[in-house]
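Here's a solo chain for you in C-alpha cells, the form predicted on its own.
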Amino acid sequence: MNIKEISGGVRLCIHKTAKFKNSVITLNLLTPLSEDATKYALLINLLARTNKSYSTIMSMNRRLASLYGATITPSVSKIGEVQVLSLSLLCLDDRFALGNDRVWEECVKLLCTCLFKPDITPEGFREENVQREKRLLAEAIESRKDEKRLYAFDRMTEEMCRDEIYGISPYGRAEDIEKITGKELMEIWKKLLFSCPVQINVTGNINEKKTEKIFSALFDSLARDKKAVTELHTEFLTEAYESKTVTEKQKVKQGKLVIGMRAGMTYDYDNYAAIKVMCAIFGSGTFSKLFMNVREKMSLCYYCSARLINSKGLIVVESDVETENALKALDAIRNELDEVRKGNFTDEVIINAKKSITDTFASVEDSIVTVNGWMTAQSTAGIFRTPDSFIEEINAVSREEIILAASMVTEDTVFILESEKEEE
C-alpha cells in the first residue's frame, strides 16, 4: 500500500493490484462526532445522489450506467468519537472495458464532481432533494429500531456512553431531521471541504500518478490550511465506575442481552494484540468459552459472542436469550470471564484463537470490499498499519499477557430487552 499526504489534512491510500475485475475509490470525510451528526448524515447522502452536472437521480443513474454500471454508495459510521462520512465508487477495471474507454478516469471525475460541485443554489441544497433524503434517513434510523439486535446494541451504547460523545449515533436522531434546512447543509458542506481531515482510499489496477495528480489539484485549489484542519480525538475510560442494568420490554419473539465492558485501553491500539486474543478466547469463536459453555453446555442462549471495539476501548457481549434465562445467562457470562482471568484455558485454545484472528487479517486482500474497509478503519489512526504487522503482534502474545488483559476488563452496562407477550 502506498500512503502519502497530498494536501493539507488529505491522505491518499493506494493499493495497486490487478487481482480484481473492479476498482474502488472511497472519499472519507472525518469530523468529530457531535450533536450535528444528523446534518452530516443527511449531507453525505445528498452528495451521492446528484451533482451540478447531473441534477436529477435519473440523469445520474444514466451516467453511471454509461460507465459500465458503476455505482456510488454513501455511508456513515463512527470510529471512536469520529463520524466518518464516505462516498464510495465501484467501477469496472479499464482492462475489461471496450476499446480505449477510460472508465477509471471518468469515474474519478464523476466522484469528485459529487464532492466539489454539488447541485446547490445560492439558497442551499434544493428543497426537493433535501426532503427526499430526510425521508430516507428517517427510514434508515427506524429500520435499526426494527432490527432488535441492532436496537439492543444501540441502546446499550447509548446508556453506557450517556455522558460521552460516543453515545451519539452516527446516523443522528430522527427528531432532529425535520428542522434541518438546505442552507444549513450548504454551510456544513463548505466547512467540511476546507477543514475536515480526508482519507482517499483507492484499490485496483489504476494509474497511481494520474490519480494522485487529480486529487492533489482539486484539494490544492481549496488552499486548505493544514493548521486549520480539525483535530480528531476520542476519550477513553479505562475502567467502569460502577455496573448498571437497564431493562426494557417489547413485543419480541426472543429477548436480547447486551453487556458493555471497559477494556482498560487508553488509546485505540493500547495492548491491542493481547486484548484481541483474550476476547477471542472469551467469546469470539466456536472454541470460545461463551460458545462452548454458555451456548452449548448450558443452552442458555441462541447465540453468545464477544467483540472488541478498539477505537473506543470497549468489549461488547451480545446474546439472544429467552427472558426467563436472561439473568442466568448474565451470571454465566460473568463466570466465563472470571475463568479467563484465572487462566483456565488450554494452550490449544490459545492456538485456535490466534489462528482465527490471523486468518481474518490474512484474508483482508481476498476482497476489494475488505481491502477498502481495512483502509477506512485506519483513517483515524496516526500510523497506517498493515494486516501483516498485526499478525506478527497477535502471534507474539503470551498466556500471561492474556490473563493480564482479562484482569483489566470491568463491566459497565447491562442492557436487557425482555420479551413482552402479546395479550390474547
Partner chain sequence: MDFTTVRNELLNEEYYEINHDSGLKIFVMEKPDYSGAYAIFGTKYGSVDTCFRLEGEKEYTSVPEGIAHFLEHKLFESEELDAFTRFAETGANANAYTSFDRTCYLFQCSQEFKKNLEILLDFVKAPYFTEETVQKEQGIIGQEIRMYQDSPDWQVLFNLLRGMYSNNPVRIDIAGTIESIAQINAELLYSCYNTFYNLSNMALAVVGNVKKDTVLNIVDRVIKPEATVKFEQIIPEEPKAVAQKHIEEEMGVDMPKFALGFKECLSSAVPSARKSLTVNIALDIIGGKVSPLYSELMEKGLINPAFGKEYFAGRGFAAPIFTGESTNPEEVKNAIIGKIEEIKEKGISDEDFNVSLKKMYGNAVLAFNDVDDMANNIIDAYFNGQGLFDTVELYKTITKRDVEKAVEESFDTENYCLSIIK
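Positions refer to the first chain, counted from 1. All of these numbers come straight from a predicted model, not from anything done at the bench.
Below: the form predicted in complex with the partner chain, not depicted.
Within 4.5 Å of any heavy atom of the partner chain in the predicted bound form lies no heavy atom of Glu164. Looking at Ile333, you'd find every heavy atom of it more than 4.5 angstroms from the partner chain in the predicted bound form. Remark: Glu242 does not count among the residues lining the partner chain in the predicted bound form, judged by a heavy atom distance of 4.5 Å or less. Heavy atoms of Phe390 never reach within 4.5 Å of the partner chain in the predicted bound form, leaving it off the interface. Here is the short version: of Arg135, Lys328, Lys213, Lys109, the single residue with a heavy atom within 4.5 Å of the partner chain in the predicted bound form is Arg135.
Put simply, of Arg399, Arg62, Lys52, Arg385 only one has a heavy atom within 4.5 Å of the partner chain in the predicted bound form, and it is Arg62. Contact here is defined as any heavy atom lying within 4.5 Å of the partner chain in the predicted bound form, and by that definition each of Glu139, Lys355 and Ala362 is a contact residue. Here the chain stands alone, but in the predicted bound form its contact with the partner chain, taken as any heavy atom within 4.5 Å, falls in 291 to 299 among 334 to 342, 291 to 299, 268 to 276, 229 to 237. Residues of 56 to 93 that come within 4.5 Å of the partner chain in the predicted bound form, judged by any heavy atom, are Ile57, Met58, Asn61, Arg62, Ala65, Ser66, Tyr68, Gly69, Leu90, Leu92 in sequence order.
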